[in-house]
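Only one chain comes next, encoded as structure tokens, the form predicted on its own.
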């Protein structure tokens, strides 16, 4: 059997999988359709300490940045609510707008962190299969049951209530201040075509809390995308676009590049989304028709645009969320339901510091901006209008921003699909909802990174645990592959 493993894509999950496979003795070829490394300044997401240790990332210059305050929210009557890593400092900031909420904040943070620790355990391994009979699977269920039991009565009640709840209902139970509820509720709808009053969005708040300190509900930032390609042990081939995955009766046989070159391999690991991998790169004729229909039904509706600003001076914030209230976010979602760009979108802006040219980069998450518009297509006029709107809104809260902009770029969901391969502009590849999470991600029965084709595996954001947790999908996929090949099992 050929020792070559082909990894499609050079994102964080793909490179983490590639390095673990190389450490297990495989010769690894990473195929990146881009001609140069990703120039993204930061990677957003929690990096499990195990990956940092195993790959020696700190020795290679890994830097993890945790903005402090981790978020600031403009208030209706002026000023900002700033939430800090220091619990006492956050309590004091909240007290200025609601003494009642300040009193509730420590208990809320502690109870959410207890639940997030449970998900940390779930995320750093393939999820247990509810109907699987393997000893390892039963052991994982037993370990999960013990961890749940360890939450105690209050923790178990919190977990069972929280999972199906809307994030708005959860926060209404705890707090009264609109600004506090809005900035927390925003974490529940990131990259979702749902509003804060949609069921299951409280789970998303918990998802983004995994790996963060108590009282911090946004993931950290790092230079992980820049560090991983520098690690030795794998070959990265740039400008190599995969046109198809070759399949024979016994399973995967390699890949074909757009120029016609064929590269044989009995192991292919795809970081592309499940739909593209199985319905575009693979001839769907190799799949059962029921599988094809199920893959087509995967929801991956993009609703986020990305606006990047270059400023000639400091922006005056590290992380700024424009979200006055939960009702504000819900109204922004109302527009998107009918295929319209939100007239007053939710914005979350992150400043990245000064570059070599002295300019300060600000990346703005704009939600909601639907991939499919009810009246026309994304063209230059719509991009320009969205960029103007974003600068106008930011200038209302940071007055000097408009005059400081020297350059800007606007990527619509369609642009994100073209540039980064996000299906329908969905950065998480598969919407992270309860019916597309854990052992049902990307589909029920497919959460072990295998596909129905022997030797073909998935490792991208569309697999468990999903977006916002850097490298874990690649880590879990590589471990599953190594385990399968040690047992002589290719599927």
Ligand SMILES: Cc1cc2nc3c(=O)[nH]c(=O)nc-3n(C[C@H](O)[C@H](O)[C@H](O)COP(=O)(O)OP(=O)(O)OC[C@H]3O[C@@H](n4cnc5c(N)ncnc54)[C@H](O)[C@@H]3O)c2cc1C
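Residue numbers count along the first chain shown, from 1. Source: prediction; values computed, not measured.
Keep in mind that the form predicted together with the ligand is missing from the display, and what follows is about it.
With the partner omitted from this view, the residue of 62, 427, 443, 453 that lies near the ligand in the predicted bound form is 427 [heavy atom within 4.5 Å].
In summary, among the residues 272, 307, 300, 321, the only one with a non-hydrogen atom within 4.5 Å of the ligand in the predicted bound form is 272. Screening 66 to 74, 444 to 452, 461 to 469, 49 to 57 for residues having heavy atoms within 4.5 Å of the ligand in the predicted bound form returns a single hit, 461 to 469. Proximity of residue 31 to the ligand in the predicted bound form: non-hydrogen atoms within 4.5 Å are present. Interface membership of residue 365, defined by any non-hydrogen atom within 4.5 Å of the ligand in the predicted bound form, is confirmed.
Contact annotation: residue 10 falls within 4.5 Å of the ligand in the predicted bound form, judged by heavy atom distances.
Among residues of the shown chain, residue 457 is not one whose heavy atoms approach the ligand to within 4.5 Å in the predicted bound form. Using a 4.5 Å cut-off on any heavy atom, the residues of 212 to 251 that reach the ligand in the predicted bound form are, in sequence order, 225, 240, 241, 242.
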